[in-house]
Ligand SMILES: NC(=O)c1ccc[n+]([C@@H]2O[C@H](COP(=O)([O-])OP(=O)(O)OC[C@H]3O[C@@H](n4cnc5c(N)ncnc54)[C@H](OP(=O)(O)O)[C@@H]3O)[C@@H](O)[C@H]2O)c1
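This document opens with one chain alone, in structure tokens, the form predicted alone.
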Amino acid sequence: MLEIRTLYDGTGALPAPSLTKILREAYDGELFFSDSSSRPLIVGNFVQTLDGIVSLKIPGKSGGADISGRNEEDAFIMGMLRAYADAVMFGEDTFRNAPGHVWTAGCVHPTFEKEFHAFRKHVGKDSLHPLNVVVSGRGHVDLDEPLFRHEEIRSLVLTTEQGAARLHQRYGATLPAMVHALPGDAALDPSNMVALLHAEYGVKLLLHEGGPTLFSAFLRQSLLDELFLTMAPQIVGRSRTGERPAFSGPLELSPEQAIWGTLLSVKQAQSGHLFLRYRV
């Protein structure tokens, strides 16, 4: 049973209810996003430890579930965000560390799958699931993963011309995914990706699930509107080599360049997890 309690809500009054009754009760409040006309609204979602770690960097235990302790409330909020999104974006390492996973609301929280589907219809989404977008400049993506064989889930690989050539060489005429090559070398330009998703795929709300290296490129270009951050009540350390990352990855800003946020809401689970929402 979900135990989410709202401690603070500064989002303001809505013109009309957005969530279905069941989801509103489970979330202990409303969830609403403003429209963005020139580009998609970009929302980040991460879970981190008290000392700011988002990945343990241990084979088989590098995902967010190991950071959250497989917390049900965190999974539910992730499901809510995926249900709201037109597209979910993630990098090749995030994809590789989650074999068999698909980036849908029901996958992360199956109990509410039917309600997530009902919500998408309620807000006028044209598909049951968001577009799954894998970003891989080098084209190092296993297209035999279940994501690319799922008929109900649209998938897209954003890569470079070199990466696309590598995928076409490996899979040939049996290429199971939509592959789109963008200008650039191994590091793709976030603004190009965002423009493509908006213009050619009609994405109005983009949910960014990392990882840190990809996310830092978006931060560097000020391509983030909101951040949902779960604080898991554990301390794991950065390791002697300092390789366990924060969600900002290799980003390094001066005090004058720092990105500031405005707190929109704070929610709490009985487990001690905190769920923070910021406008960036």
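When you see a residue number, it is the position in the sequence shown, counting from 1. These figures come from a predicted structure and were not determined experimentally.
The protein also exists as the form predicted in complex with the named molecule; that form is not presented, and the subsequent description refers to it.
Just one of His150, His180, Lys125, Arg138 comes within 4.5 Å of the named molecule in the model of the complex, counting any heavy atom, and that one is Arg138. Taking a 4.5 Å heavy atom cutoff to the named molecule in the model of the complex, the contact residue among Gly29, Gly52, Gly63, Gly69 is Gly63. The closest non-hydrogen atom of Asn132 lies beyond 4.5 Å of the named molecule in the model of the complex.
Among heavy atoms of Gln234, none comes within 4.5 Å of the named molecule in the model of the complex. Contact between Ala199 and the named molecule in the model of the complex is not found at the 4.5 Å heavy atom cutoff. Interface residue remark: Glu115 is not counted as part of the site for the named molecule in the model of the complex, having no heavy atom within 4.5 Å. Using a 4.5 angstroms heavy atom cutoff to the named molecule in the model of the complex, all of Lys57, Ala187 and Met193 count as contacting. You can rule out all but one of 170-178, 206-214, 115-123, 142-150: in the model of the complex, only 206-214 has residues with a heavy atom within 4.5 Å of the named molecule. Taking the named molecule as positioned in the model of the complex, the residues of 90-104 that bring a heavy atom within 4.5 Å of it are, in sequence order, Gly91, Glu92, Asp93, Thr94, Asn97.
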